[in-house]
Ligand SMILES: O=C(CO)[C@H](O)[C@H](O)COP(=O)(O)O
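We begin with a single chain expressed as structure tokens, specifically the form predicted on its own.
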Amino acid sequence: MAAVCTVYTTQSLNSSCSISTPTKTHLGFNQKQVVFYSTGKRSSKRSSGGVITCSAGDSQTVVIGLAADSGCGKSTFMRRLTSVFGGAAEPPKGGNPDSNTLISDMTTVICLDDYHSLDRNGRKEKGVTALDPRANDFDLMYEQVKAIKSGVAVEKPIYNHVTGLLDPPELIKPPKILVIEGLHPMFDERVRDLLDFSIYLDISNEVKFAWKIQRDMAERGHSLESIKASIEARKPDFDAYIDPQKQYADAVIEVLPTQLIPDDNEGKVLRVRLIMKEGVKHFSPVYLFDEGSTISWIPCGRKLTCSYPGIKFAYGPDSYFGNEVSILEMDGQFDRLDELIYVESHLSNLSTKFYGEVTQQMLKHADFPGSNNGTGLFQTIVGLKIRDLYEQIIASKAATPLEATKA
């Protein structure tokens, strides 16, 4: 495997490279020492400046950031995303059973909770929540994400959600695609600048409350009172530190109560908007019927089974935090997922590999939350767009050395 290095040496260019056993730095990186030896006359002297640090030549890690509050669908989105790239996402084999990391054939997903600088007791003693920047180590987050993006493995900390303690670190090797998901992927400007693409899941307060009750009561055994108290305690910090990050996102999935049912309070039918920033490199927004036009479409009829309250789509240009965006909206839910192909056929710039791939992905994960509404549809579409973005980035990197050679 070739290594990409910057070398300063007075020796002949006719040299070979050997890589020694990795050593650790104070940042938790695994660096490789490389020693260059002349292939000509043997010499007992090592070339001056011969020991350097380098990264593997095929390490071209693309970094994706996913921001959302707790209980807002990050885990489901991650499962849909990794499925697009193939292979099941699983915890590191033989590692900490309480690890938050998920690894598949092409992707590694790390939870930014692992960069908490204070454990549960420490936050309680200082009177801060996990959303507060003071409870997180952004310096280490930046250094390690930068290292992984550069092709260098790191020893990443682990925050144990079961015990609330900081566990011993785990080794994270550079994947083809690194997804950093959590509360703060776009909070620190240094980390934000490392992202090749960013997504924000923006869940309205009404929907968030319903989802959090379902998850924390059903899966974590929390009481209704404790959930309400947790939401109220987090809201000031959420408004101050988490919510503002959506202005930096390349794509926002916004989940709202339906407008199809007057005064609806159940929250079972959702209106979902996919807000796509214009002018993002390697990303072309999806559009309905005619790019740049303003469209309102009620597809219910002989080709799409729709029970009350039906389905309504909308599309058009808009402005979002001063940025030009395209917005695709779906209100309502599907009765039959196999009929989604009718809707898919009217959408363009989906970045699918074949006709019907969106429908296939949705049917494949029909049991995932949101599969019958816009949350699942737009998460799937964003996953396909990220795959296309990754392929474009890799192709452009591969073309750069060839252009340099021709020059």
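Residue numbers run from 1 along the displayed sequence. Worth saying up front: this structure is predicted, and the values here are computed from it rather than measured.
Although not depicted, the form predicted together with this ligand is the subject of the following passage.
**Student:** Examine Ile227 and determine whether its closest non-hydrogen atom to this ligand in the predicted complex is within 4.5 angstroms.
**Tutor:** The answer is no: Ile227 has no heavy atom within 4.5 Å of this ligand.
**Student:** Quick check on His161: any heavy atom within 4.5 Å of this ligand in the predicted complex?
**Tutor:** So His161 counts as contacting this ligand.
**Student:** Can you work out whether Leu183 and this ligand are in contact in the predicted complex, taking contact to mean some heavy atom pair no more than 4.5 Å apart?
**Tutor:** Contact check for Leu183: yes, within 4.5 Å of this ligand in the predicted complex.
**Student:** Although this ligand is absent from this view, report whether Gln60 comes within 4.5 Å of it in the predicted complex, heavy atoms only.
**Tutor:** Because no heavy atom of Gln60 falls inside 4.5 Å of this ligand in the predicted complex, the answer is no.
**Student:** Determine which one of 331 to 339, 316 to 324, 147 to 155, 114 to 122 lies within 4.5 Å of this ligand in the predicted complex, judging by heavy atom distances; exactly one does.
**Tutor:** Of the options given, it is 114 to 122.
**Student:** Which pick from Lys173, Lys277, Arg192, Arg234 sits with a heavy atom within 4.5 Å of this ligand in the predicted complex?
**Tutor:** Partner contact (heavy atom, 4.5 Å) among the options: Arg234.
**Student:** Under a 4.5 angstroms heavy atom criterion, identify the one residue in Met106, Leu288, Leu102, Ala130 near this ligand in the predicted complex.
**Tutor:** Of the candidates Met106, Leu288, Leu102, Ala130, Ala130 is the one lying within 4.5 Å of this ligand in the predicted complex.
**Student:** For 326 to 361: residues with a non-hydrogen atom within 4.5 angstroms of this ligand in the predicted complex?
**Tutor:** If the 4.5 Å heavy-atom criterion is applied to this ligand in the predicted complex, 326 to 361 yields nothing.
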